[in-house]
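One chain follows as structure tokens, the form predicted on its own.
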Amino acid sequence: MVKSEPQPSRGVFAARVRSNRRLCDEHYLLRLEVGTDFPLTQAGQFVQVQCAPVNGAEGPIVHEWGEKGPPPQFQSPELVESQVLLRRPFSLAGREEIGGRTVLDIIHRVVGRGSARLAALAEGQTVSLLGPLGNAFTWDADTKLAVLVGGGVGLPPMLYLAERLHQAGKPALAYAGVTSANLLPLSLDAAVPASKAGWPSLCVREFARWGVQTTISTDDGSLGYTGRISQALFDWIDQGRIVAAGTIVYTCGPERMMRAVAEGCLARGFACQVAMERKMACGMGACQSCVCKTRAQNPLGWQYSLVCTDGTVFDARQILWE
């Protein structure tokens, strides 16, 4: 495999909310505008986002309390309301240069207080952003076909990857799996229905713009193929429609899905790269909280790797699933 380009510099940036649009039940597209000094990014990298607007206040909050009299009554939100202190990690779903400014696309699902704060951000507000972080997906000159398999909130990096593959002249197919149709954070083309048999088509506009055909699966059968997206992929492969030589599979999403994709690919002789997902407090390797087991040349045969700095992208052969 061709090595990723050298890790670009990272930093903390003030990002202006350009738009914040609901895509489906629970999912939002947050577009953040940063300056021209934001480092170069690659598909597979992520950013850490503060889940509340920057209020511009600096320095300590001082309350006078004399020897006599009642204690002060705190009223400012940062003292009396529940706060989301840690940043949240989000894969980049895309990057665009508009009017001399860099615009980053982030697709997130509301699952707790932090993501609910992000969903409430309004146009013009400013948030603090740390990045870019992590490594990236790779391919080489011999790659003839890329297969992008995303599940739920693992779909965003596949959108960015589709764009980069298109720019590199590499053909691709996409497999998008969700629990039900109302949780699909993608736009459907009414003129091109999603195949119930799992056949790829230009049914998803975000992939179709890069010439990528997509198979959609839902667990409940409400849209496209009924069942797991990994099964839709292997049905297609086992029919002989995709061959291992010259093909690389990329996957991101729920760990159960990624494991099924990775193990199925390796059993069939396919190269596979996995973008692991973990809860991250820092995103830079300091907190040591986002570990996964990987193979190693030591007496145990394994070691703990940090998803944020050793990944998030790993060769599927490296990972020891638990």
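Because the structure is a prediction, the values reported are computed rather than measured. Residues carry their position along the shown sequence, with the first being 1.
Below, we refer to the form predicted together with a small molecule, which is not included among the displayed structures.
- Using a 4.5 angstroms heavy atom cutoff to the small molecule in the model of the complex, all of 90, 115 and 153 count as contacting.
- Looking at residue 46, you'd find a heavy atom of it within 4.5 angstroms of the small molecule in the model of the complex.
- Within 4.5 Å of some heavy atom of the small molecule in the model of the complex lies at least one heavy atom of residue 280.
- Although the partner is absent here, residue 197 lies well away from the small molecule in the model of the complex, with no heavy atom inside 4.5 Å.
- Under a 4.5 angstroms non-hydrogen atom cutoff, the small molecule in the model of the complex has residue 107 among its neighbouring residues.
- The contact with the small molecule in the model of the complex, taken as any heavy atom within 4.5 Å, belongs to 111 out of 111, 202, 168, 98.
- Stretch-level contact check against the small molecule in the model of the complex with heavy atoms at 4.5 Å: of 176 to 184, 222 to 230, 153 to 161, 206 to 214, the positive one is 153 to 161.
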